[in-house]
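In structure tokens, one chain follows: the form predicted alone.
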């Protein structure tokens, strides 16, 4: 009689590699390992082979790079997605896509279980399991890292005992996650927020101290909010992002070192590398400031903050996220033009911008001879504008007397 199947979200890292054997032993099931390619990780064939080597009855790699860019990164860019003002939430952005493909394969294979390698105090457990329940509540969930009670050091010992190859050791216990939009680094010395992050934690970015002495300029062309070309050369979105990751990283751009409020209610010290996201978000917001009217510009950040929370909290498959996406898409209709960004020793500063939809009127803004603003109307405008304040304070003074 064939065993029941469990489809595991597989990254090739410590926890998911240990999980393959642990789930098979403790649940008496066959494990199918599913890795989803969302960019920047280079050796997915190696990850697939490793999954089979560790004990999966089948290991599958799903190419979802274009889907991640089109359906997740572009909406996030439209919403200027930045959790707590610092984190582009690239891990949170990818998890619903990973879980969606995991559920799809579980349904195709007739699996009983889905599983992930997330810890019991992390955010990703919520993101995976919320997606499972939204898309396939009939599937049972196994969360081995919540159940086995092993510390990270004990998990490394388990891997060594069972000849499970893992990319970490006790001397370098970093846990990393990578996709097209960024790289996260956790564990080890990073967990002490009172000390500076060790330099060996960074891989995508050089230290700003060692970045070139001369600035690098990049010109990014947008069409309806989507980046279309870099320095005059059109290229597919994933290639443009990957190229900016390299250029930005070489200039020390995109290092994030923050104290973060996790969904589960604890604070954690987090390191992220987001060169392309840092550059594109800066350029995109700058272009919006040129083409969006004042009222839209002032209202949009309210929804941007809520959108960032929805993504971070794992609420991707919800009506509110879809509704905010619709609003954001409407605002992007005129976000077309070019922005020049100056990269210098860890900074990404937009320094020039143009657009056929620019709302900037030189005659209205200039104080020189080209000035076309009728200043004579200002006095009447100020009288009407100040009327509520004038009346309110007159009444207050009368009451005080």
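Residue numbers count along the first chain shown, from 1. What you see is a predicted model, and the numbers here were worked out from it, not measured in a lab.
This protein has a second form, the form predicted together with arginine, left out of what is shown; the following refers to that one.
Candidate site formed by 43, 68 and 179: none of these residues places a non-hydrogen atom within 4.5 angstroms of arginine in the predicted bound form. Picking from 92 to 100, 199 to 207, 235 to 243, 295 to 303 the stretch near arginine in the predicted bound form, with a 4.5 Å limit on heavy atoms, gives 92 to 100. Shown without its partner, this chain lists 316, 132, 307, 87 as candidates; in the predicted bound form, only 87 has a non-hydrogen atom within 4.5 angstroms of arginine.
Residue 184 is the only one of 216, 107, 184, 80 with a heavy atom lying within 4.5 Å of arginine in the predicted bound form.
Among heavy atoms of residue 124, some come within 4.5 Å of arginine in the predicted bound form. Shown alone here, residue 272 lies within 4.5 Å of arginine in the predicted bound form, counting heavy atoms only. In the predicted bound form, at least one heavy atom of residue 175 sits within 4.5 Å of arginine.
At the 4.5 Å threshold, heavy atoms of residue 222 stay clear of arginine in the predicted bound form, well away from it.
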